[in-house]
Ligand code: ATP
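Consider the single chain below, provided in structure tokens and representing the form predicted alone.
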Amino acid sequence: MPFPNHLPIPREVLTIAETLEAAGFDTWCVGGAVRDNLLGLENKDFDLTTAARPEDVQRVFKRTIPIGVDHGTVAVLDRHRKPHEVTTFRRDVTTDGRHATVEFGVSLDEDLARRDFTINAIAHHPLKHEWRDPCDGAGDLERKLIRAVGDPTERFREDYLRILRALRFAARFGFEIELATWEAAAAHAHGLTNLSAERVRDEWFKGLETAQRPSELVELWGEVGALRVWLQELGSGERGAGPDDVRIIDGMGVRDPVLITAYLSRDPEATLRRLRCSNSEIERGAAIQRHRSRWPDPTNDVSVRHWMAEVGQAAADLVEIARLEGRDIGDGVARVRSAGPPLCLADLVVSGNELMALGIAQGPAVGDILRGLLDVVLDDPTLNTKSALLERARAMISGGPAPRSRLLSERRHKE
């Protein structure tokens, strides 16, 4: 692959490089932006590597953030206060497969030799427009190959997350993984247990978002052994959409990693909790798990309204899942949503205080009556008026304290 004469490096990055060079520190562009631009992909998030030590960078620039000083990384803020990562040339001294102790004061070639894959070990001098590619990363880009720098076993033992990065790059670019690199990754998949859940989650989510076909990423995780270590619930769900049959997810209209994970897992809540997802993401998965087996009749607005009231905020996720499985409920849900009917207790025109004014004691009975009234207006939204609902509430009071189950039975009988 021939190197271009120039790269589209932002002016702010060039200014940082010029300042470091003027101070006597050799400075190069490295990382994903160099790789992506060689592939013809737009990426202006250029990182810099330099002979300057972290304290030198902090001395040269007035506005910096020490985001990883122990590993040589300082963020330099440009005039718009946007951070740009500047990292000192370094090499690993010791590592436990998760964290590394590094040594500064090495050369650019030594720095490139410690990187994960050859396609990420290419450097471009932003001022001299020179290239440094000691591992033939450009050749591997042309061959569409993911290959570890040097000994793949050593690279993976330094940081087991590199195994998952290899899978992500392969799925994103449609590349093959070089045989020795693949064999080392599979042989050391047990080391993935050393990683934090947060790092694994970020790599899994980023992989699903960027893969040309998400199913390929899932298959690679399964083949290398990563599913067995971190995502045990994938592969035996009710739909049979696991690592042996996941191509259906390629048809998803959105690249939502939480939705994809929940769809593939037989126990989404457990999977998302293991990955240390946020409470809202875990609840999304739990809601999908609760409601994924019950669907409305999309031609019956009463059925759709009751279903939407039951599933609440999970409706959008479930509509996407239904579409994947060949259930056409989206039009019915959109039709009901556009009509704007009452779908939750907050939409009722009467409140608990008004029910207590009728003589209902504060407590569970108030909630029972409100839920019964919601069932009434789900059947017929025109009844969501104060007079109609208070009249119905009086009838419920005289007929007993727990009307909801009776009303549900009557509604289902009518349907």
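What you see is a predicted model; the values in this text were computed from it and never measured. All residue numbers refer to positions in the sequence shown, first residue = 1.
The form predicted in complex with the ligand is left out here; the points below concern that form.
Contact between F169 and the ligand in the model of the complex is found at the 4.5 Å heavy atom cutoff.
Contact annotation for D256: none of its heavy atoms lies within 4.5 Å of the ligand in the model of the complex. The ligand is not drawn, but in the model of the complex it has no heavy atom within 4.5 Å of D317. Within this chain, D379 is remote from the site of the ligand in the model of the complex, having no heavy atom within 4.5 Å. Between the options N120, Q289, S215, T153, the residue in contact with the ligand in the model of the complex by a heavy atom within 4.5 angstroms is N120.
With the partner omitted here, the residue from R274, R157, R114, H125 that has a non-hydrogen atom within 4.5 angstroms of the ligand in the model of the complex is R114. Contact annotation: the ligand lies within 4.5 Å of heavy atoms from the stretch 28 to 36 in the model of the complex, the single such stretch among 28 to 36, 349 to 357, 62 to 70, 371 to 379. Remark: none of the three candidate residues (H6, H129 and R132) comes within 4.5 Å of the ligand in the model of the complex, counting heavy atoms only.
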